[in-house]
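Take a look at this single chain in structure tokens; it is the form predicted alone.
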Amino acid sequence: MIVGKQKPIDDIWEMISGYQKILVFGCNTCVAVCHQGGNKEAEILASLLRMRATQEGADIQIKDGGIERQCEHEFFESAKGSIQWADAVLSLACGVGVQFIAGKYPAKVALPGLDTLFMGDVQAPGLLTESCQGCGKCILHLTAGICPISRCAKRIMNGPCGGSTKGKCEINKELDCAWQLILDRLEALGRLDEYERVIPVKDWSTERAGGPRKLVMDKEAS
């Protein structure tokens, strides 16, 4: 899932200053799981901003709302009235959601209430870790299901490097060496001989070049 973190209240207040009608708009999928951007968080943030407006004597109206996902057209119908009412929409979605709103409602100001951090997983309650960078060409079949691009501090494609010690990264001693994890898992799976295979270095000039990537779905399949 996409993991985000709510911006500091002072930064948010600075962004919305100058607008009179603000919609704090939650997204109830990815960022709701990490308790940063769902309807509940939108309601809480809206209350805090109303308190701030009262304290500073600001002439501003603040409403809250939300939809299931801010990256798909079909979910916006229920929020159409609230969005039309607002001068600016403070989106509590990831950066994709903010841009989606900006494109869908070009006459509305779309503001980011979150900082989008990474694609990750829930390791434990309250603990989310990065596990994928969307590099465009997955190599997990070669690395025992552990991604060296997201989990190795140096993004080394053939490791470990000479700096790892006792299974820990030289850059962060509290971080497990991703390549040590890969080696251990390959051994546990009886696939250690695959470690000798050299993985080609990523050619970022071709894999991430040419602007935003697209996936065109087969209409019959979808």
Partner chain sequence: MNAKTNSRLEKILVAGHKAVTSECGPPRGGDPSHIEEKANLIRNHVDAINITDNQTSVTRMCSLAVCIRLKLMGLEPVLQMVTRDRNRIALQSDILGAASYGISNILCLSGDHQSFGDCPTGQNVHDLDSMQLLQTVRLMCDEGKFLGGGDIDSPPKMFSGAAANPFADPYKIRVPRLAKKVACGAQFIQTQCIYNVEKFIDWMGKVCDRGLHEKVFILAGVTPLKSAGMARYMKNRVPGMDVPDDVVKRMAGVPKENQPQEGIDICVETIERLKEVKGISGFHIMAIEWEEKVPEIVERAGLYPRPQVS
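Given the structure is predicted, the values throughout are model-derived calculations rather than measurements. Positions refer to the first chain, counted from 1. Under this definition, the rigid core comprises the largest set of C-alpha atoms superposing within 1.5 Å between the forms.
The same protein has a further form, the form predicted together with the partner chain, not shown here; the description that follows concerns it.
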Margin query: Within 4.5 Å of the partner chain in the model of the complex - does that hold for a heavy atom of every one of M1, H35 and N39?
Written below: no
Note: exactly one of E68, D176, E43, D184 sits with a heavy atom within 4.5 Å of the partner chain in the model of the complex, namely D184
request  = May I ask you to state whether D59 is within 4.5 Å of the partner chain in the model of the complex, using heavy atom distances?
outcome  = no
Partner proximity in the model of the complex: A53 to the partner chain, non-hydrogen atom cutoff 4.5 Å: no
Next item on the list: Considering only heavy atoms, tell me if S47 and the partner chain come within 4.5 Å of each other in the model of the complex.
Entry: no
Please run the contact check for T29 against the partner chain in the model of the complex: heavy atoms, 4.5 angstroms, yes or no?
no
Applying a 4.5 angstroms cut-off on non-hydrogen atoms, the residues of 103-140 near the partner chain in the model of the complex are none
- Align on the rigid core first; then say whether the Cα of I9 has moved by at least 2 Å between the shown form and the other one. no
